[in-house]
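In structure tokens, one chain follows: the form predicted on its own.
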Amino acid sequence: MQTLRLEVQRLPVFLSALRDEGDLFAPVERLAPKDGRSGVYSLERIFDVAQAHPEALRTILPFKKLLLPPRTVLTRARDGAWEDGDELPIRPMIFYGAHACDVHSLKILDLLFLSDFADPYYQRRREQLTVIGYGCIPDDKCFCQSLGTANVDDGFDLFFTPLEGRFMVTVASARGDDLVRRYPVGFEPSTRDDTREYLDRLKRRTEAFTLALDAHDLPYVLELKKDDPVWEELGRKCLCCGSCSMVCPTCTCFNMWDEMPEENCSERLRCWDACLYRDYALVAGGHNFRARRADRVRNRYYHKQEAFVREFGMPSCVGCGRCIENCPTGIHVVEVFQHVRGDA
């Protein structure tokens, strides 16, 4: 790992050059901030680097959509000839604007899809992805600091931390090193002043967190509270619309079905699904393992903070706050766990 510096005015030149490497994706503003509310941003391919808003804390959908598209063609049969989805062409992708919690979510996805038996569809996209991080400042929905995901030192290729008139650039991979060498648009070794200002910024960023979750013994507490009345209360409040699952950067539930998009052509698809949906746990014979809404709500929370911890030694929640921002009934994940713990 090495640290460099880059003047602010040179960054657009570098980003423009990166478009020769593949499709450049970044947060794009769709609705400007208004009345104290944060803006609305979507993750899109950009052709003008001025569209990029890497400071945006949350896009409508997280960047898992680049690696796990909402609809993935696994197999296609056209005029009697089979075409495996693993052979379909995939262009290189550069994601600019990954925050620390995003990089941690990428590590979780890698753990799920590249460990033991690698998923070939995910693997091909992952190999084509370049991750360029960007230092953020939290808002009142961020609780990544409580989950140890507020900072990151690997899992990305380059990371830009804004300072006064310049960036501290962290190079964390051979691919990132190749990029700064291939496009020498003004990268220089960082100085002591850069390091001093960087550490001051980290201190201010830490002090900016206002939302916290005590998660140190949460799996054990959840094991004891399986029958807590809070789950019935949430079952009455939750619509089971699946919004929290769709915007979550680590939710990976999927379903598979066949379609005929045109004559003499059929496709087998893998599509996003959610364990909150009533039919998700429906099996042959009409039996449903989680027919009750309260059971489905509890299952999602337990998967994030209890079952995943037991299996992998860490929660599958990164504290990004997307579920808080997008729940139509105002369910607040931190308040739920505080209630379960007895703190609320």
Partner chain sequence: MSAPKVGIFGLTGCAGDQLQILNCEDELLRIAERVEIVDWVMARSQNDSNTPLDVAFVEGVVATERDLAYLKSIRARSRTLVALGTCAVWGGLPAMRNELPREVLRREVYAGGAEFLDTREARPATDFVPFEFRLPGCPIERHEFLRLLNAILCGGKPEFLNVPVCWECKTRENLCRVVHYKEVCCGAMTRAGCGARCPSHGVPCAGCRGPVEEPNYDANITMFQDRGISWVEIARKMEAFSAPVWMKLGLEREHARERARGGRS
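In this text, rigid core is short for the largest set of C-alphas that superpose within 1.5 Å between two forms. Numbering follows the first chain given and starts at 1. The shown structure was predicted, so the numbers you read here are calculated from the model rather than taken from an experiment.
The form predicted together with the partner chain is left out here; the points below concern that form.
Partner proximity in the predicted bound form, defined as non-hydrogen atoms within 4.5 angstroms of the partner chain, places exactly one of 261-269, 181-189, 163-171, 201-209 at the interface: 261-269.
For the chain shown alone, Asp23 is not a contact residue for the partner chain in the predicted bound form, no non-hydrogen atom being within 4.5 angstroms. Although the partner is absent here, Gln9 is not a contact residue: none of its heavy atoms lies within 4.5 angstroms of the partner chain in the predicted bound form. Proximity of Asn255 to the partner chain in the predicted bound form falls within the 4.5 Å heavy atom cutoff.
Interface residue remark: Ala32 is counted as part of the site for the partner chain in the predicted bound form, having a heavy atom within 4.5 Å. In sequence order, Tyr277, Arg278, Asp279, Ala291, Arg293 are the residues of 275-304 having a heavy atom within 4.5 Å of the partner chain in the predicted bound form; the partner itself is omitted from this view.
Once the rigid core is used as the reference frame, the Cα position of Arg236 differs between this form and the one not shown by less than 2 Å. Core-aligned CA deviation for Ala118 between this form and the one not shown: less than 2 Å. Once the cores line up, the CA of Ala77 ends up 2 angstroms or more apart between this form and the one not shown.
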